[in-house]
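Two forms, one chain: they're shown below as structure tokens, one block per form, named structure 1 and structure 2.
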Structure 1
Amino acid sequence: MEIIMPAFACLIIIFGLIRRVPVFEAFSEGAREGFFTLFKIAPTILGLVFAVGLLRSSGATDALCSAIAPVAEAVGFPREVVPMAMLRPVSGSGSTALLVSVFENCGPDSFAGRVASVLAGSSETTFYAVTMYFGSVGVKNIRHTLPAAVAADLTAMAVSAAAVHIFFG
């Protein structure tokens, strides 16, 4: 297993040499373009990270989760998973930490643990992805992308609870 990545890199170099591609120059140019892309999207990513930190430290996310939890529970979505569902569109690592918290508090085979697992696998870090992908190519007008992506995240929430009910009772 440990040889896969070095072997893959060697294959790329050998293939480039066979095709008479200046391998190091091509690598350097790609790295340069990657650096400039990173430089171009860094302010947007920093803004997103700042906004998430601000919402969490101000208690706004806790207040929002407390307000949403009774409604979510009334429609069959477990209260314990609401914070993860709220954070998932914004932060992958943060939502993964909350997934682990659900596992520790409720157990991975509990209803909440199963819903959290299905939700983690069926949803996306929407705001992060839109920020990265659109920011990297310089798109300013995202039109229908964000509403469609948020609708997909809400669908993932509803379907994750329904799927666990159907398959696990």
Structure 2
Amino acid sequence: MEIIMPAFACLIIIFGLIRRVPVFEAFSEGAREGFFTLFKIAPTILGLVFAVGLLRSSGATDALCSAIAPVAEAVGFPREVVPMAMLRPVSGSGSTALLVSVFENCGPDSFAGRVASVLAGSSETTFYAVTMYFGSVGVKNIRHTLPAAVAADLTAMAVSAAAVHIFFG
């Protein structure tokens, strides 16, 4: 599967050559635009990473997790996966680190390991995507984006536990 990305790049360049596009000039023009985009998203990302960093170091997430764990357990959601589920919407690398710790502690083929895997595969870093995409074009009123996105995350949590129950007993 590692071949997909390079193959994609190769296809773009060959197709460009066939259509007689000045490929390198087009490339530099696009890359320059890329820098402007980066410039625009930088403040938003800094703000978000800062907020998440504070929350994690304050122990607030740990406290919240231990409060939620019994409830999660009662509805059939493994308590080991709660911290990862909480962090998933705000931090990609953070939730990957917690996914790995579930694998280490319970094993990837355990119930918790499977639920964590399914959740990781079926959800995205919601807040990061929302702030970055809207921040890049200076949109301030995002209307009903957040409720829709959060509902999607909650759905992914519920369905991932249910699907693992059904598929693996």
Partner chain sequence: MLNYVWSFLVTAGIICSIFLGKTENLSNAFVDSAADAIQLLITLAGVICLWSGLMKIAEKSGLNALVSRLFAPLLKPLFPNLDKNGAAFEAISMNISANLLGLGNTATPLGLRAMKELDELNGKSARASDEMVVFVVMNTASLQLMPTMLGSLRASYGSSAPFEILVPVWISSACALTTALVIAVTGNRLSGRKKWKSLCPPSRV
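Here the structure is a predicted model, which is why all the values come from computation and not from measurement. Each form is matched to the other, and the largest set of C-alpha atoms that superpose within 1.5 Å is called the rigid core. Please note that residue numbering is based on structure 1, beginning with 1 at the start of its sequence.
- Shown as structure 1 is the form predicted alone, with the alternative form given as structure 2.
- Once the larger rigid part is held fixed by C-alpha superposition between structure 1 and structure 2, the smaller part shows a rotation of 23 degrees.
- Here the rigid core is superposed, and Glu29 then shows its C-alpha moved by 3.5 angstrom between structure 1 and structure 2.
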